[in-house]
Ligand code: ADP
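Single chain ahead, by itself, as structure tokens, in the form predicted on its own.
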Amino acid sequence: MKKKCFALLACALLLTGCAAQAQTQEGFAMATIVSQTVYAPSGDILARNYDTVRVLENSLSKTLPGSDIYRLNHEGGTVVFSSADTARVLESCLFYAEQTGGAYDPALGRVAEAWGIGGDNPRVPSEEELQKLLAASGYEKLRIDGDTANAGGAWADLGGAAKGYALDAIKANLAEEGVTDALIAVGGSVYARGKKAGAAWKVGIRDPFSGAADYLATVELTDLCISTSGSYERGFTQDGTYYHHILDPKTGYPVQNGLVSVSVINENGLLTDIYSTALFVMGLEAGMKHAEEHGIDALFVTEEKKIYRTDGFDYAFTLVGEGYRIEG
């Protein structure tokens, strides 16, 4: 009997090991690439995860007519959200806007619309236009109460939070399905769950001065998210000047403070997405200080190819880009 039980147990373990195979998928949602590598018996979880991202996009997008955020921006007055996720994300955005002193502002939609960066006809708005739009913008104007909200004339833009929140939603899917190992990327936000072949996942941080497939460095992550915000992501050149998509909430212009990218690592995807933008806006000195005070693990890259890391950024880090110097 003992031999029979042992044989059945060994067979069960063998089958379990063979069942979890690498399932991969790449799609497009939230105006970016959604990439998945999941170790699971079938590809069903891939479809579920992708559907999750698309459903969130249909609620959080500022450009899709009928979405909660589109209605909030265009209908005026108080809007009842169709999705509880919208309220959750917006509440979190307002919390972090307060915590960062407005460095992250989820209500700059009117200003971003004027620049049109990422669209077919980007342009440089006049100073007068920007000042007018800034006066009608700002997170302080947003009011949320349960599943209802009022934008106060401002336009919400959750582009700096939605991808990180999508990672958190996918994380919940994977847990429900019993998936222990996966790597999920929604644009510049990545979630590494468990391990790959017994080792931590190696996640690349893009080289701001090279092509999209070139890395500045790699970090080894397990059960963590990483988000990177960079001036290279979206932008345009006019009269010899490059204008990128990360806007300064105080001036309405693209941030010009010597930084080219900021990466943040945390268990919470939403936090990494928001804080990578907020710290970029703050700049190196203020951003480092704020990150240290709030326990945020961050990496800053300057125009001079200098790399600075907070004290808590002690993940296995391998520099692969050329011409960089690690300062901290």
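Residue numbers run from 1 along the displayed sequence. Every value quoted in this text rests on a predicted model; they were computed, and no experiment measured them.
The following text describes the form predicted together with the ligand, which does not appear among the structures shown.
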property	result
Selected contact from 182, 149, 90, 247, since only one has a non-hydrogen atom within 4.5 angstroms of the ligand in the model of the complex	247
Candidate from 154, 103, 192, 170 lying within 4.5 Å of the ligand in the model of the complex - any heavy atom	103
Non-hydrogen atom contact residue 291 with the ligand in the model of the complex at 4.5 angstroms	no
Heavy atom of residue 108 within 4.5 Å of the ligand in the model of the complex	yes
Close approach of residue 281 to the ligand in the model of the complex, 4.5 Å, heavy atom	yes
The ligand contact at residue 86 in the model of the complex, heavy atom, 4.5 Å	no
Listed range touching the ligand, judged in the model of the complex by heavy atoms within 4.5 Å, from 210-218, 247-255, 124-132, 138-146	247-255
In the model of the complex, residues of 133-164 near the ligand [heavy atom within 4.5 Å]	157, 159, 160, 163
